[in-house]
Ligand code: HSE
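As a starting point, one isolated chain is supplied in C-alpha cells, in the form predicted alone.
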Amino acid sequence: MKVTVKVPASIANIGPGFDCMGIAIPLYNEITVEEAVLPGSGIKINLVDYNEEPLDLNVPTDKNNIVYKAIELLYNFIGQSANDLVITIKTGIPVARGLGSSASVIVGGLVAANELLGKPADLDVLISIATEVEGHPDNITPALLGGFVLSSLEEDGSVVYRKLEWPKEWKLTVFIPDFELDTSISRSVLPEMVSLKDAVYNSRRCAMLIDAIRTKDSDLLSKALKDKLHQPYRAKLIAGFEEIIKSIKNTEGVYGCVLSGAGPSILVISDSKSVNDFREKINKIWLDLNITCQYETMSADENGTIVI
C-alpha cells in the first residue's frame, strides 16, 4: 500500500511576522510513502524531479533524512516502529530559497504516513510533530492548511494557529534567484537581542498586517509590510535587495516588497494591474548584478496539503 500527497510551498514572515506568519503558494512537492515489498529491506528514500529524473540535492537519503525523522516520530506516537518504508520525494519547490521546501516535505511525509496508518493522529498532533522537526511553525501551518496562517509555538510544545483568508485581489509575485542561501547562515546574522523600540515597532506592524488582511485594507497593508527584526540584517546577504525595494517603492498598486522567509527569494504584494510595472525593474537590477531569476505572479494556495 502507498499514499501520495501534494504539499504547497510557503512564504514565512511576510515582513514583520518573524517566525509566526506564513502563506502557502502554488509551487508543490509530492511525497509518496509506501510499505516495502520485501520485509527487512529497511528505509529507502528517492529524490526525483517532476520528470521522474533522479536528483542530487546533497541531503541525507537514510534515517537522517528529515522526512524519515518526522515519520519515525509519528510511528513512535502510536507505539510502532517505522521499518521497511520507501519514501519518494518529487521536488517542485526550489531548495534553500526561502520557500519552505523543508517544511513541505516534512508535512508531506507525515500526512502520507498518517494516511497509511489509518489516520491515528489528528491535525494538532501532525502540526506538533512537524514543528518539532522543523523548529518553528511559520512554514508548517500554511503548508498543511493553505492560505495565510498565524502560528505560535508554545512552551509546552503545542502550536496555536489561526487561518485567515488571503484577499484574492492581492497578487503574490515571487522572484527566485539562481543562488541558494542556507537558513542557518541567514539566521546567523540576526542579533541575539533587539531594542525595545524595534520590538514595539514590529508589534505594531503585525497588528496592522492582521487587520489589513481581515478588512482587505491595501493602504494599511502598505504600512504594515515593514520590519526591523530580521530584514535589515539579512539584506546584506542578498545583493540588490535594498535597491529593489527603493526601485518599486512608489509604484502604484505595489503594496510592499519583503524577503520570502529567510531569503534569498523576494516577494512583492500588489494588485493585478501593476505587475508588469515592477517585474522587469527587479529582473534588470539582478541581471546587472549577474543574477538571473525566475519570477511568477500567483494567488495564495488555499487548499494546503491534499492526498492525491
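The numbering used is simple: start at 1 and walk along the sequence shown. Since the model is a prediction, treat every value here as computed from it, not as a measurement.
If you look for the form predicted in complex with the ligand, you will not find it shown, but the lines that follow are about it.
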Next item on the list: Just give me the single entry in Arg214, Lys236, Lys168, Arg187 that has a non-hydrogen atom within 4.5 angstroms of the ligand in the predicted complex.
Entry: Arg187
Note to self: If the cut-off is 4.5 angstroms on heavy atoms, which of these, Ala70, Ala262, Ile266, Leu27, is the one near the ligand in the predicted complex?
What the structure shows: Ala262
Notebook entry, point to check: Which of 119 to 127, 215 to 223, 136 to 144, 160 to 168 has heavy atoms within 4.5 Å of the ligand in the predicted complex?
Noted result: 136 to 144
Notebook entry, point to check: Is Phe18 close enough to touch the ligand in the predicted complex, meaning at least one heavy atom pair within 4.5 Å?
Noted result: yes
Margin query: Under a 4.5 Å heavy atom criterion, is Thr88 part of the interface with the ligand in the predicted complex?
Written below: no
Checklist line | Any non-hydrogen atom of Thr183 within 4.5 angstroms of the ligand in the predicted complex | finding: yes
Next item on the list: Although the ligand is absent from this view, report whether Ala12 comes within 4.5 Å of it in the predicted complex, heavy atoms only.
Entry: yes
